[in-house]
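Okay, here we've got a single chain as structure tokens, the form predicted on its own, with questions on binding and movement later.
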Amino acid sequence: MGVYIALSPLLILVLGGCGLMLAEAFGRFSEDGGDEGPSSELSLGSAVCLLAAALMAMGLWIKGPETIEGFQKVAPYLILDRFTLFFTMVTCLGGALASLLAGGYLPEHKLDRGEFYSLLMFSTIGCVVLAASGDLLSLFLGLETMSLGVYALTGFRRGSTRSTEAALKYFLLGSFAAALLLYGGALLYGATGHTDLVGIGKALAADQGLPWPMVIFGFAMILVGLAFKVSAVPFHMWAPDAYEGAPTPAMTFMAVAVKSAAFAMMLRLLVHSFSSPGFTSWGSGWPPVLAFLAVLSMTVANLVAGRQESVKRMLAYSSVAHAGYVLVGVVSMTRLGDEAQASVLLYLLAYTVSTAGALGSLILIGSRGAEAVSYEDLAGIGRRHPAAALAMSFFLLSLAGVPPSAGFFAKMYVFRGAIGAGYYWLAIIGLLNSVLGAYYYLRVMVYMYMREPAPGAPVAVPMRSGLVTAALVLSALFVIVLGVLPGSGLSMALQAVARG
């Protein structure tokens, strides 16, 4: 019984996903796309299941997973620890917010098809499995479960050539990255005789006549696959097209839950398998590679984001830049340990609620035929619809790292970790990029409050949706709480990464 209790968040998601499939198949909904369409019920149903899984994870956190009898029965395939519970809460929260946003967005834009929620639920299951995986086999299963659903969500707008192109590009490149991870894992198994991450780490640390060319080549392939999944430059080219082509709720899920699960996978691999001195040294290990990717991701993405005219595309490049900030914390782990790793977890939580809020505000600002796509579409929104503009400004300021928001403290802890680890130059580059990134966030506010639409230009018209409003309120509460009590969030993250 203990193992079922430990697996209860995952079981809730599985049962919820199956229930949504049955409800969508046998339920009776009106076909007018209004409030009686499938989204009004299925959106709430999926959000309730996801939040129930998150609350169950919180309950297990409070009780302590180590106190549950039999919680290790699924090891090493699934590791049921506080790290897993933390990412279960983050990914389920991101999925619930995306589900609520879809409940308003899909009917408004005549995309009200119930399979969206089943795909989202099963992709979230993949995210949770990915965060919990302690073996290359379960890791690959979680990765594919997550990815296949996201590919379908990207192409959910069937009549759009842009959406179809984005889905095809994401599928092809994502499959290539998954193949690299799989082949790299196969090489590591051939070299060490282990598929479990801890066993691989012990074999590499022991160094008993291992074929090191095979190990290095396998590790390089895994590192490239990981860089693709977290959308780090130069492996990011799929992200802007996929994010822009996908429906905005699907983009929200990809930007928050998928990215968080990908970083959880990266942390598991680096901490459990590649933490020996040879791999963590600056001269021969992965820190300089990830530092280079962090600098590239922050700088290139911020420069390109500032030149975009599409707000969705700007937020897509913003997501790439935030991956660079997170990588700063990952690099700092080699010298600072748990404190730097905890800053990564806190950053991902703050990023999740801030990004979901920003994309939810973008959904709220535009209705069918009068969407908020470009900066010009937002002109004058602050005067005509102050509540929608205020919501957008609030979340953009958090993404920019303006105090006392959640985003500010998340960046502060990451850069403080870099300084504590002795990577002063990396912290300085990160700070300069934060200033650079503030430009395109503030540019949105300039258009909303200080510009008026040109004569005859399209004007965004806000929609009305209680589900979208609920998602924004929930996101805002998390941003405020993390901004007011940042120490509590960091303390929770420290408990998540503590070992032994």
Partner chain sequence: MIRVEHYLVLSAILFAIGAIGFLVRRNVIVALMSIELMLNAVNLTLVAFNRMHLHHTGQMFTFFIIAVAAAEAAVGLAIVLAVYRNRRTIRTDQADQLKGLAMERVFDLYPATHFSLLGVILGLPLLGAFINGVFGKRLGRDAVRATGLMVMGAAFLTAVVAFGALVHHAHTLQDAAGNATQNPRLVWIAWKWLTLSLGEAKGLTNLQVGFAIDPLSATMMLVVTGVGFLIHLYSSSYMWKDPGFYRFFAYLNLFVFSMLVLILGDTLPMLFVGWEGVGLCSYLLIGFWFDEEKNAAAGKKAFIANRVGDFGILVGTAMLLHYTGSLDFQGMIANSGRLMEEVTVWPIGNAPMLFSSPIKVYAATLCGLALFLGCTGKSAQIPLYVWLPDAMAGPTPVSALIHAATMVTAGVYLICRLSPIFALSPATMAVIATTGALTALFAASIGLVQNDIKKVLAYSTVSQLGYMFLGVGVGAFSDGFFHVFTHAFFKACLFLGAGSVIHAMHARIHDTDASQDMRNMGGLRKHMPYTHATYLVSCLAIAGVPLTAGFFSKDEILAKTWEVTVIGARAANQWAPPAWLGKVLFVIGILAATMTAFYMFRTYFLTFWGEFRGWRVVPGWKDPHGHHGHDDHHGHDEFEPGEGRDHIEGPVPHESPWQMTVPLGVLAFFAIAAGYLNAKIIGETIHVHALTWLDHWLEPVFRRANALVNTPEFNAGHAWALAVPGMLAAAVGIGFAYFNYIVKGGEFTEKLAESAPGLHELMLDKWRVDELYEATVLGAVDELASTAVVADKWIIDGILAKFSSLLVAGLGHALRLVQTGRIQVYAAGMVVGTVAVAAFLYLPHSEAEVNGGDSGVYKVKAAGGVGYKFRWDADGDGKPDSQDFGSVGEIEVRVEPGKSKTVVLEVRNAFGRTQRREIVVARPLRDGQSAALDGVLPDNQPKAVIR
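Note that the coordinates shown come from a computational prediction; the quantities given were computed from them, not determined experimentally. Residue numbers count along the first chain shown, from 1.
Keep in mind the form predicted in complex with its partner chain is missing from the figure; the text below concerns it.
> Judged by heavy atoms and a 4.5 Å cut-off, are Arg158, Phe176 and Arg307 together in contact with its partner chain in the predicted bound form?
Yes, the whole candidate spot contacts its partner chain.
> Which is the contacting stretch out of 166 to 174, 337 to 345, 100 to 108, 120 to 128, given heavy atoms within 4.5 Å of its partner chain in the predicted bound form?
Only one stretch passes the 4.5 Å heavy-atom test: 166 to 174.
> Of the options Ser275, Ser281, Gln72, Ser367, which one has a non-hydrogen atom that comes within 4.5 Å of its partner chain in the predicted bound form?
It is Ser281 that has a heavy atom within 4.5 Å of the partner.
> Note which of Phe408, Trp238, Tyr375, Phe394 lies within 4.5 Å of its partner chain in the predicted bound form, where distance is taken over heavy atoms; exactly one does.
The residue in contact is Trp238.
> Is Gly190 part of the interface with its partner chain in the predicted bound form - any heavy atom within 4.5 Å?
Gly190 belongs to the contact set for its partner chain.
> Against its partner chain in the predicted bound form, would Arg313 count as a contact residue? Criterion: heavy atoms within 4.5 Å.
Contact with its partner chain, yes.
> So in the predicted bound form, does any heavy atom of Phe86 sit within 4.5 Å of its partner chain?
Flag for Phe86 set to no.
> Should Thr248 be counted as a contact of its partner chain in the predicted bound form, where contact means heavy atoms within 4.5 Å?
Looking in the predicted bound form, residue contacts with its partner chain do not include Thr248, since no heavy atom lies within 4.5 Å.
> Sequence order please: the residues of 208 to 243 with a heavy atom within 4.5 Å of its partner chain in the predicted bound form.
If the 4.5 Å heavy-atom criterion is applied to its partner chain in the predicted bound form, 208 to 243 yields Trp212, Pro213, Met214, Ile216, Phe217, Phe219, Ala220, Met221, Leu223, Val224, Phe228, Pro234, Phe235, His236, Met237, Trp238, Pro240, Asp241.
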